[in-house]
Structure formats: C-alpha cells, structure tokens
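Coming up, as structure tokens: structure 1 and structure 2, two forms of one and the same protein chain.
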Structure 1
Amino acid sequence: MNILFFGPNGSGKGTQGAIVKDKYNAAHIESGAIFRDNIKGGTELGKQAKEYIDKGELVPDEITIPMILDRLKQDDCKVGWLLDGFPRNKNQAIKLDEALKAENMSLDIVVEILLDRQIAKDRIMGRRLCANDNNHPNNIFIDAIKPDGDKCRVCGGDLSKRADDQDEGAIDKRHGIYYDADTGTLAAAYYFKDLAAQGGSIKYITLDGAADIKSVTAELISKL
C-alpha cells in the first residue's frame, strides 16, 4: 500500500500515521525526520535545510522534491510506503503525481485529519511534559487529559512546557502553510482529493481530528 498522510501540527498525525504504517508494514518516510537526521549528521543537505527549518519556512522544492522521490525508489519502499510531511504544497503534489506516473507506482490511500486551526493551536500550546515519562498525556486545554493541578495526571510528576510548543509565531507560521488551501498543504491534499473524485484508484479518507485519540483511531481503522 502506498499512502499519503495529511494533518496539521497538533492533530495526532504521528500517532495515527504509525498505526497505518504498522497495519500495512509500509516504509515510513517522514520528510522532517530526514532533514533532522541530515542536520545531526552534518551533511551538505542538512546544512542547506537548517537555515529554512530554523525560520519555520519550507525547505525549497529544489532540495525537498528530489530527496523524497529518490527515497521512494529505495528497496524498503517496494512493499509500500507512507509519506508523512510530504507533499507540503501544491507544487510538491503535482511533482509527486508526475513521478508516480512515470515510475508506474500507484497511490492507494490518502488520509486527511480534519481539525480546526484554533483547536490545533490550543493543543500544541496546552501540551505539558511529565518529568517521569514523556508519554504521559497532559494538556491543559483538553478535558480528557487535563493535568492534576500543576502535576502529571498519570503519576503526579512535575510538568514542564516544550519551548517550541510555546512559540506562538512559529506555530502560526506552520499552520499558515498547512491551512493554505490555494498553494499550501491543504492545496496538496485537495489535489489528490480531486483525483480521487475523478474516479481514479485513490481512496480518500477524512478523519474527525477533534475527537480523542482512541476515537480517531477507531474511525481510521473502520475506514481503511
């Protein structure tokens, strides 16, 4: 299965993407993670990408598109792949579509997690990290996982904020790119939604991202 996964920062895209990847045993290709690995490894690509990533801007298409298209040709992708974080704009979507056709590769499923922009922002800014275990869910804006006062709701541990979760300007910039339905990430998603509507082989699935994690997973499983 070849899969695209769309969802704004704060929508639980990572969690739900991992479930789909496991179900189909697909290679998980996360553009942001590839850039981070390259930055850590001090590669030329990493150096080029860092200057944009630090500003919260997209890495230019001339760098990103060949990087991802080359990655799709690697052996582990033969059983299937899940792309997460790419395409991020309409141009990337068009170039991906062209490359898939040229390589005779199918696109089987596109998942879009729907979430109101303000809710996505609150989720990120409300996130709190437990000193004992990062996986303990705590969010001051989500009733189901509200901390116990200023302590972790699971273990009573001390809570802190992730610095980048509190950078409102950076969050707005990222969401500005995501929610731009003319040229941004939603435009990329809608490009494939249109193809699916034209009767191609693509299955386009939308999920209600405002629900709790378990409900989103249940909706996802039922629609796959």
Structure 2
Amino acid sequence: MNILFFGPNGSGKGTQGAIVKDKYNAAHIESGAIFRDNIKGGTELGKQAKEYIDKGELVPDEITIPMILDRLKQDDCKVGWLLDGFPRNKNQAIKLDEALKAENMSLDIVVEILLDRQIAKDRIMGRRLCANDNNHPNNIFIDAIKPDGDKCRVCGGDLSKRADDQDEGAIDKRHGIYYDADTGTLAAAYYFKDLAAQGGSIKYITLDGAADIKSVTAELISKL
C-alpha cells in the first residue's frame, strides 16, 4: 500500500503517519530527510542539491524527484510507503505522477487531512514542551491535552515554548503555500483528487483534522 499524505502544519499529519507506519509496516518517507540523507551520504544527487541549498536557492524538481524515486525503491519500501512533504505544488504533482508511472510504481491512496487554517495556526502556537519529556503532549488550544497551567499534564514538569512555534510570520508563510488551491500544496492534492474522480486506480480520502487524535486515527484506518 503506497500512500501520499497531505495536511497543513498543525494537522497531526506526522502523528497519523507514524501510526500508519507501525500498523502496516510501511516506510514513512519525509522529503526533508531524503535531502539530508543524500547530502550526508555524499551521493551525486546530494552534491547537486547542496549546491543549490548553499546558494539559498530551491532544489530543482529534476534533482528532487529522482532522489524520491531512489528512496522509494529501497528495500524497506517494498511492503509499502507513505510519502510526506512532497509534492508542494501542482507542477511537482504532475511530474511526480509521471515519474512514478514511468517507473511502474503504483500510488494507491492519497490522504488529505482537512483543517481550518486558523485552527491549524492555533495548534502550532499552542504547543508546549515538557522539560522532562518532549513527547508528553501538551497544547493550550486542544482540550484533550491541555496542560495544568504552566505544568505538564502528564508529569507536572515545567513547560516551555519553541521559538519557531511562536513566529506568526513564518507560520503564515508556510500555511500560505499549503492552502493555496491554485498553485500551492492543495493544488497538488487536488490534482490527484481529480485523477481519482476520473476513475483511475488512486483512492482519495479525506479526514476531519479538527477531531481528536484517536478519532482521526479511527477514521483513517476505516478508510484505508
């Protein structure tokens, strides 16, 4: 089962992806990790990508997509994979679709987590880190995991904020790219949605990202 995952920052996409990985033994592939691994490993594609990154420029799709395909061909992807973080625009979606078909690699399911932009922003800005364990979930805007004042709801440890979680400008910029249904990430998702509507082999499913984690997981598993 090969899955493409879409969802804005703050939607819980990473959490749900990890659950899918564990349940179906699918490799959870994040585009950012692919760049880091290629650059660290000194691959030819990694060297090419680093030249652009060092100049502060975007890495061309002609480098990014072959990196992704190479990763999807690795042994841990034979049972299935979940790709997260790419494509980010419609043009990349088209190129990825063409590249997968050229390699006879199937894309079975596309998942889109639906979440209001303001709620997504609140969730990011509401995240709090526990001094004892960063994996303890605390968020002042989510009732189910709301901390006890300024103390961790799990262990009572001191809480702090991540600086990037409080950068409204950066959050708005990332969300501006994601929620752009004409040229941004949602446009990429809708490209696959249109393919699914045309009766192709792709199944397109949506999830209510405003629900609690367990409810989103239950909906996801029921639709896969």
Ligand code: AMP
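All residue numbers here refer to structure 1's sequence, counted from 1. In this text, all values refer to a predicted model and were calculated from it rather than measured experimentally. In this text, rigid core is short for the largest set of C-alphas that superpose within 1.5 Å between two forms.
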Pair member which, unlike the other, is the form predicted in complex with adenosine monophosphate: 1
Core-aligned C-alpha movement of Tyr204 between structures 1 and 2 reaching 2 Å: no
Is_shifted Val111 between structures 1 and 2 (CA, 2 Å cut-off, rigid core): no
Rigid-core frame, C-alpha of Asp37, shift of 2 angstroms or more between structures 1 and 2: yes
Cα shift between structures 1 and 2 at Arg71, which is computed once both forms share a superposed rigid core (Å): 2.9
